[in-house]
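Here's a solo chain for you in structure tokens, the form predicted alone.
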Amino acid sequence: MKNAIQIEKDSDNIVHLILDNPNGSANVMDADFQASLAHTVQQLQEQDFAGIIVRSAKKTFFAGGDLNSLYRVGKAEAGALFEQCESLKANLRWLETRGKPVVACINGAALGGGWELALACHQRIVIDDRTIKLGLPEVTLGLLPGGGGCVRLPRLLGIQTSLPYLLEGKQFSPKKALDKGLVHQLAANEAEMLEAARTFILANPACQQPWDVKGYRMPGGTPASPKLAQVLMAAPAMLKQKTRGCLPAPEAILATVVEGAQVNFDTATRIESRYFVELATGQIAKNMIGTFWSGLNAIKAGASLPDAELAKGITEPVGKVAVLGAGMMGAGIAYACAMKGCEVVLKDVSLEAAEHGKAYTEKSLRKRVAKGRSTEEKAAQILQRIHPTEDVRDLAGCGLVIEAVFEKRELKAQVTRETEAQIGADTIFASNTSTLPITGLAQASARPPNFIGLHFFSPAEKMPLVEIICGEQTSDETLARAFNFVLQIGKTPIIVNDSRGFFTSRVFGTYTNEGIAMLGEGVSPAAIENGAALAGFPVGPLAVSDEVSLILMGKIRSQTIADLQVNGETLSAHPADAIIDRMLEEGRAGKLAGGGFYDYPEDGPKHLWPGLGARFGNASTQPSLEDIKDRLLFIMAIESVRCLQENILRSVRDANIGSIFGIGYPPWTGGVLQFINQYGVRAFCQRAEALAEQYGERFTPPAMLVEYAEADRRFSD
């Protein structure tokens, strides 16, 4: 065992438990910590002390659970994991029931197990720094707080108030924590925090948690309280409506909280441990931990770069960015950059159009201020960073140019030439195209090594992903600088090689086309949309097609046909093509046109257009729900394998992260390629062959998938 807790005693007879993980830069609830905690409790049982201060020797307080170990735990180790959970909680319980004051001095992030450790203390003092994050985000990884969080938080705040923190994984700042009664004091710095802890201990020689005081009543009542019972009766249905039954963690959290609130503290912690073990050993938690923890961390560390050290050596951030085109996408990109401190030159063909793009940021900032998410002063600072213009000469001095004009090859070429005449020789020129190959667009550039694709997703200020596309001549330095910029503005970068539609647009197109194709077969529109929801997709294929616009989908197809004809190639017809053409003939082009597959009444919510049934009919025999779900899940996964086979995708992790963060693949799967892994590669291949036989050759397994199935090989980096 490596000692993860240093024990010191000061002149006031106060014991300091100094958390100092010997295995890494952050404190985590690994085997060494748990053994050290058990050893510490054993030592303290034999000592007399005035109180305990729990503090950290790291830059953060405590990062949470040891996710790498949890990822490896299988069903066979469930019993051992349960005992491990119970042992941890028994030691935390000893600290809070010893009768002596225990104070958590929180100097940095306290998330997951770190916040659970803090909740086991009688007093929580945090440095007043808005960058410090506190909370229980386990649900975002398919888990529940397994160190007492589902037991202590409801006893502290009440069931109704605590559930959003548990079910949504809400993180909060020290100030918010103080306002909500989650911490007791804020301190300006570490010295002040330690002095406040000392003062509390000396002033409170005997301490109990609120829930251990005789006569304690849970805030807001127990599940047996008539008022709360009415709320809880509806809670499972409301939760099911959100998760569609695809995510077991929220349901387990609700059960843990409600069941635990009806029994004594120790029984409640055992209930929590059982649910935790069930989730931790399940496949969905493995999917989510593997992608949202391991995969995401690897991506941010530059694992997809050909030369990660080159990126690390580029330390100068981009200070001034040019955004060409002030439409919805350009305006969103400008907003995203200004939010992260960049000066932005927002150019359009007229000053009026550029100012209209800036007004998008102003409107969004007003909403943030109204909701208390920002201040007037901060909003004004962000707005001042955006400089609208119609003069191309204003682009001089920009370190990065992002072109976000219409998807027309000639227009993009014209803009490229005009811009390069004004910018420096080492300035990066990035196109935000969603489909046009970067190598072809770079032909208009005098400096192709500096030319790259930065594909943002709408709305750009909210969507977390940016797809970086390398043209044939894009240099490694340009890629490294673009990668760093994406991180600089708080986005997640994935890197792909050049092709039509790249990865995300190409795979996303299979989703919308498959839904539209089903409509053409006479599948009930409601069944298509509901099947997508029950598979875990955030928006159905018909609804999202309306958002994208059927006109745009038609233009992309026409541009593709024209481009392929230049090389003597043809585009294979898709069953969805005829349906899109028919909708356009009917004047049903999508949401912005007033209606598409859905109607959008001014005085009510959108609903499926009743005319769909009359135009396309309902087949007398409808497919099973399983077939509808599988067609949508499988077609995207199959196309992703093709992208990997064709070397468009550079890594499996980029495929998984990109599919969830960019194009709405269900999070429970862990991503398009992890979905194949968890389904079983051989079983997936067999199911794809069955779908191909019934619904068309587009489901035919690619050669790489067949090869992996025969070798019983998983998709991994």
Partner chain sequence: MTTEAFIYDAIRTPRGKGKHSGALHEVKPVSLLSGLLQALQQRNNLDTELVDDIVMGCVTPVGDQGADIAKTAALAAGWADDVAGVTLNRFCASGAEAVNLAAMKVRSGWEHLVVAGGIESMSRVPMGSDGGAWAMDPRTALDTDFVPQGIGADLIATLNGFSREDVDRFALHSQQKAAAAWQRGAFANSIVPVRDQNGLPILEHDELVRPDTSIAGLAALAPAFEFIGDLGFDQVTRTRYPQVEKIRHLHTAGNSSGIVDGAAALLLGSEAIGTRLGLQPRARVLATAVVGTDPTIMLTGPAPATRKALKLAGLSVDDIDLFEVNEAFASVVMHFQRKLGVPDEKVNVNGGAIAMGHPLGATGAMLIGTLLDELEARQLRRGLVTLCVGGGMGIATVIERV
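Residue numbers count along the first chain shown, from 1. Just so it is clear, the structure is predicted and the values come from calculations on it, not from any experiment.
Note that the form predicted in complex with its partner chain isn't included here; everything after this is about it.
Task: Interface membership of residue 301, its partner chain in the model of the complex, 4.5 Å heavy atom rule - done: Residue 301 lies outside the contact set for its partner chain.
Open item on the list: Although the partner isn't part of this model, could you tell me whether residue 371 comes within 4.5 Å of its partner chain in the model of the complex, counting any heavy atom of the residue?
Closed with: Residue 371: no, not in contact with its partner chain in the model of the complex.
Open item on the list: Test of understanding: in the model of the complex, would residue 552 fall inside 4.5 Å of its partner chain by heavy atoms?
Closed with: Because no heavy atom of residue 552 falls inside 4.5 Å of its partner chain in the model of the complex, the answer is no.
Open item on the list: Residue-level question: is residue 524 within 4.5 Å of its partner chain in the model of the complex, judged on heavy atoms?
Closed with: Yes, contact at 4.5 Å.
TODO: May I ask you to choose, among 342, 258, 580, 284, the residue with a heavy atom within 4.5 Å of its partner chain in the model of the complex?
DONE: Selected option: 258.
- [ ] Just give me the single entry in 446, 619, 76, 234 that has a non-hydrogen atom within 4.5 angstroms of its partner chain in the model of the complex.
- [x] Result of the distance check: 234.
Open item on the list: Looking at heavy atoms inside 4.5 Å, which stretch does its partner chain contact in the model of the complex, given the options 78 to 86, 167 to 175, 136 to 144, 241 to 249?
Closed with: Within 4.5 Å of the partner lies stretch 241 to 249.
Open item on the list: For the stretch 527 to 544, I need every residue with any heavy atom inside 4.5 Å of its partner chain in the model of the complex, listed N to C.
Closed with: Those in contact are 527, 530, 533, 534.
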